[in-house]
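Let's start with one chain on its own, the form predicted alone, as structure tokens.
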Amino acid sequence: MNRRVAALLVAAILVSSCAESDPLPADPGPETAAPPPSTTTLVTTTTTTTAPPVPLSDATTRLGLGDSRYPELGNGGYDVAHYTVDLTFDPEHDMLSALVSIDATATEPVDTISLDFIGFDITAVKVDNESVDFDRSNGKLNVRLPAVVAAGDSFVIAIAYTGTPQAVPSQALPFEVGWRTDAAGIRYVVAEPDGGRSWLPLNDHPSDKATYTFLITVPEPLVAAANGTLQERITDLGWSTWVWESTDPMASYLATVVIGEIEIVVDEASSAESGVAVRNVLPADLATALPIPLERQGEMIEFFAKLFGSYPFDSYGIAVVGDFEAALENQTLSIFGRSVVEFPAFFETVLVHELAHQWFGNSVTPADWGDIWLNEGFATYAEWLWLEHTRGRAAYEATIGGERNRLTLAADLQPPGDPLAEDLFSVSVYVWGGLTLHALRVEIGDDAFFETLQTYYATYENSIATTADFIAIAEAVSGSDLSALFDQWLYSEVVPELPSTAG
């Protein structure tokens, strides 16, 4: 996420997350006949708990994974492989009907599974097609399995629910996250770090990544976009079902949908330049007159692929919405507030930032929210690498110095390696985190530095990593003990002095 966007825009106009795939066709997808849309009929027996609810086993349910910042998020005892998210949205009544099927494997013997989920009316729950008991407490949906599932065995949970989707307060941000609606009626999801549970039942922690299938049914002429690649559009009786596949593992906070009077615009030039299918989801006025920075996405992808390694996924692009205060790197489909897009120079910087997250944050994901600098520090440093590429070394050095000086003017800075839960996306995490990478580059030299980035990405691609993992790779590549450098730059109480040269 680029929370700095919101702060900078409020202050005034300040300028401070490859595989080849054919581009999507200009037509959004093949049209075929389908039965009238329905999501919940796949779960045929409505199952609820008795009254009063039957408490499920405290011994086997989990109240979180013990994340260092948000210990209640996530659940133990199982690992999710795939989510099938089947949604029907009726904008006239602002109602969502959903069936979410979860393919999971037990990591220990379990008789009860907990999922993160808030809101909505649950109409049915099945496990391996058998109706089961469930209850809800403390933001958890607790599901009784038909029998004990042994470690290593797989099972499928299907949850049907209905209701009006709503954004929810975040523990980390000053604005609401989850399912949001802009003034033009566009619905979109921005869930980092704790909003995924507001629209889907899931294991809402970045350490449990999974693949996704989205089937989104909406009335015509609305368009529905999601992560991954568009497989088909099925139409019948004035409704369309848009089928999207996200075949690479994805953290729950990066899952998104965008629904509205929007257009899917294929960028053939950027797709050809980068070897990645580039498509953007835009309101009509932007679809017919692309902002100039958006035309450079192919160049940006190619540039970072040379520095970091091949682009991680099959597709990329952004979705532009109103009434959003920042930008978020949803996997393969970053969400941008309209206010960001309207300032071209600033827009280019944020485009670079969210694109870099596809490598660092999305493909390589922190195992714990306390390591968020591995996302934001890396994406901020990518901004400076792009500046060095487009405007030269002097501009890079001037920006590094200016950013460090700006940090010294801030009060009560928390070091980037130890962020506060209530201020996870602080300027320290972004800028001080980025300066940590600059200091590392100076210390070990360009060759070892870029080899470190490439090795880190290649080692943890489509997986999770910690700060200790990154430090270990930097030390192995450089052949140096870097503990003092990282202690100083990630955990000291004051911002260190910059190295005198950049190697």
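Being a predicted model, the structure only gives us computed values, none of them experimental. In case it trips you up, residue 1 is the first one in the sequence shown, and so on.
We do not show the form predicted together with a small molecule, though everything after this point is about it.
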Residue stretch of 151 to 159, 257 to 265, 175 to 183, 207 to 215 approaching the small molecule in the predicted bound form, non-hydrogen atom distance within 4.5 Å
175 to 183
Applying a 4.5 Å heavy atom distance criterion, does Phe324 contact the small molecule in the predicted bound form?
yes
Indicate whether Phe425 is a 4.5 Å heavy atom neighbour of the small molecule in the predicted bound form.
yes
Is Tyr430 close to the small molecule in the predicted bound form, meaning a heavy atom pair under 4.5 Å apart or at it?
yes
If you check in the predicted bound form, is Glu329 within 4.5 Å of the small molecule, heavy atoms only?
yes
Among Val125, Leu294, Ala251, Val190, which has any heavy atom within 4.5 Å of the small molecule in the predicted bound form?
Val190
Please identify the residue among Arg279, Lys140, Arg197, His357 with any heavy atom within 4.5 Å of the small molecule in the predicted bound form.
His357
